[in-house]
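In structure tokens, the next block holds one chain alone, the form predicted alone.
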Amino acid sequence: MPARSLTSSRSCVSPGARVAVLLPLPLAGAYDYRAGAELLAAGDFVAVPLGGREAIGVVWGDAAGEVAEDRLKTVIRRLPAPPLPRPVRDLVDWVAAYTMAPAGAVLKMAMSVPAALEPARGLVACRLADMAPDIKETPARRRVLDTAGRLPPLAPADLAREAGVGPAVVKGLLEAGALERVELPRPLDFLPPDLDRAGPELSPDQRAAADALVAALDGGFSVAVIDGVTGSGKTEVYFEAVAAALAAGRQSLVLLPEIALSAQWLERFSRRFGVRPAEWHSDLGDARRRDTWRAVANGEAQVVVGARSALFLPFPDLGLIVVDEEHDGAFKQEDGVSYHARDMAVVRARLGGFPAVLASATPSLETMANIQAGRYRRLHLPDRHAGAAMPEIVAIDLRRQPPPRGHWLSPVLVAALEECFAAGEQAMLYLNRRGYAPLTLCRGCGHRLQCPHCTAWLVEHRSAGRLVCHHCGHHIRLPRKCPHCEAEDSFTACGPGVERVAEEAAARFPSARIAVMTSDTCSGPHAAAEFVRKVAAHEIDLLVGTQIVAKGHHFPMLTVVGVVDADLGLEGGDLRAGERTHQLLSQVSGRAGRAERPGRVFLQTYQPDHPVMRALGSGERDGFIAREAELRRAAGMPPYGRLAALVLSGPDSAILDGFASRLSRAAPRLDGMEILGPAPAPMALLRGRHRRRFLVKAPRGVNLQASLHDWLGRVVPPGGVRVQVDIDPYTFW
């Protein structure tokens, strides 16, 4: 039976005593086991019997004592891995309670590399045997033996190469006993940063901010926000705090929202500290993930840069967390355990008793509210580094200056691009829409090609020769006949994606070197780094891309940015639509004119008078944020109220609707709490599963999790139906 999930200290548990073990499974809680012959303590990784198999878990604390003695199973063994640190265990408990996810599901994120729990193997080398037998010598064998005698132990392949023979010769000598295998200690995977290297000269504003961050390292938990315009040198400022944390013998973690942002960041880090940090993201191979997890656990990896999952790495002595681009929506995880890495990073810092740093040119409204409430400290960088000017922002009213029919670039933007290329400078076109066209329909009957598994149109990717669902990956070739009216060759592409914009740009500027940068063309950090290198080396004149190009990049020769559809993202029921659009377009605009050449940004819009467009054009960011805050406060929306989403999904729509109705009838009736739904989700079919949604709105003082626990406990979902709780939802699809 489930035991109490308690986090205790490292006091040892005697052999034969009861102990609670949490398993990385979506179970109700920790389970009682009997300790074996080994001494155990909270945080130890252990192998335990579970059903008819062996499972790996973590000693979590005091046993509940609800299992009869004769039914109690015994821990099989303790694994030779460093224990999961107390702050990480506390974080697992905290995240599970806040997100209403099973603690074991959260623990799985901290135990994402089970192979790392076994001892690392050393490097296998070979050397001359102490008691060499008599063997038949050949010239090749003699060269191997002579080489082995004068060199330190080498890997078999290296020894064969040094001796100028094939691997079979070394293998034969090993089998004959003339050579013997020896295990060597593994070299360090991550060299310590060089703290004696001087960083760049900081401006007075940068130095004041850096000094404040360094001073905070001695003061326990705090949160500082580096609020600096694009190009103001925020990274170099928090590098000073990283250096100070390292000098104090503490580890540091830097979270980035996108892998693609890491290329220039890693280059900056290497210039500052002489080595690369440890990286943590989904593109790492299994072996590298295993080695990195171990290096973090044993303290060898002193600095880690990673995506949101790096938050759950087993740092034994973490002393600083930095969340760069803290406003970015990529920090919100929506599948599985729904959590926001920015907010959980602040929790991790509080549990560990050290500072957290949030950095952004466009801080989120949640962060600004915390600054205004005095919970966070703001460090302002109002100017670009080295005297660079902010770009001029021009709104192109597409009602008055539209593109020619069948085209997507207005004459004003085309003229600006011509001037840019004539001056030998670079430009960027931004459209947050992958592929060639977002919709393909039949000219004869209007039939639209839709994914059979999702409520989504198929997106044409002409370069790949297929139509793709961006939600489930389903793809087809363009049909020759319309499946509805059977007209032949009647399909036409509607609307632009980045591929179509690039096609138009190539026709207008045939001599320009054009590249398309999206998650399709940049599938990992190496591909992203190559794109960044080409742009920085001016091997590309025009970069066309989605939001992957909008953030973090520094290209000194890029002076013109064109936003093809600035209105994209403003419509719909998303309460953060205006804020997100302002943030994203501010970041895109920030790519222009980051060095001595001035920059210009052109926003193609049908709504030049929209508050977002006016704020971008005038540079009145704080006024825009104040207006958004007032609208949210009046509506009782986050950060001034609380939201939770319940997403119900199942393969049978009738069964799902019946369950949604029963759940609706059991809904709590509390003062101030409003429950909307059930209603079909905007994405009513996803990966073959039908979806219904509830949205729960409540004042900040309401214990939302307790109310939801009570509500969901009243109705048992039928087989095949899943209920996902999303506290503080960021999307509403």
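In this text the structure is predicted, and so the values were computed from the model without any measurement. Each residue number is its position in the shown sequence, starting from 1.
Keep in mind that the form predicted in complex with adenosine-5'-diphosphate (ADP) is not shown, yet the notes after this line are about it.
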*asked:* Check for me: heavy atom within 4.5 Å of adenosine-5'-diphosphate (ADP) in the predicted bound form, for each of 211, 244 and 251, yes or no.
replied: no
*So which of 367, 235, 147, 362 reaches within 4.5 angstroms of adenosine-5'-diphosphate (ADP) in the predicted bound form, heavy atom to heavy atom?*
235
*Name the residue from 500, 594, 582, 642 that puts a heavy atom within 4.5 Å of adenosine-5'-diphosphate (ADP) in the predicted bound form.*
594
*441-449, 195-203, 510-518, 139-147: which one contacts adenosine-5'-diphosphate (ADP) in the predicted bound form at 4.5 Å, heavy atom to heavy atom?*
195-203
_So, residue 434 and adenosine-5'-diphosphate (ADP): in the predicted bound form, are they within 4.5 Å at any heavy atom pair?_
no
_With the partner left out here, check for me: in the predicted bound form, does some heavy atom of residue 230 sit within 4.5 Å of adenosine-5'-diphosphate (ADP)?_
yes
*Hey, in the predicted bound form, does residue 268 get a heavy atom within 4.5 angstroms of adenosine-5'-diphosphate (ADP)?*
yes
*Decide whether residue 554 counts as a contact residue for adenosine-5'-diphosphate (ADP) in the predicted bound form under a heavy atom distance cut-off of 4.5 Å.*
yes
*What residues in 377-409 sit within 4.5 Å of adenosine-5'-diphosphate (ADP) in the predicted bound form, counting heavy atoms only?*
385
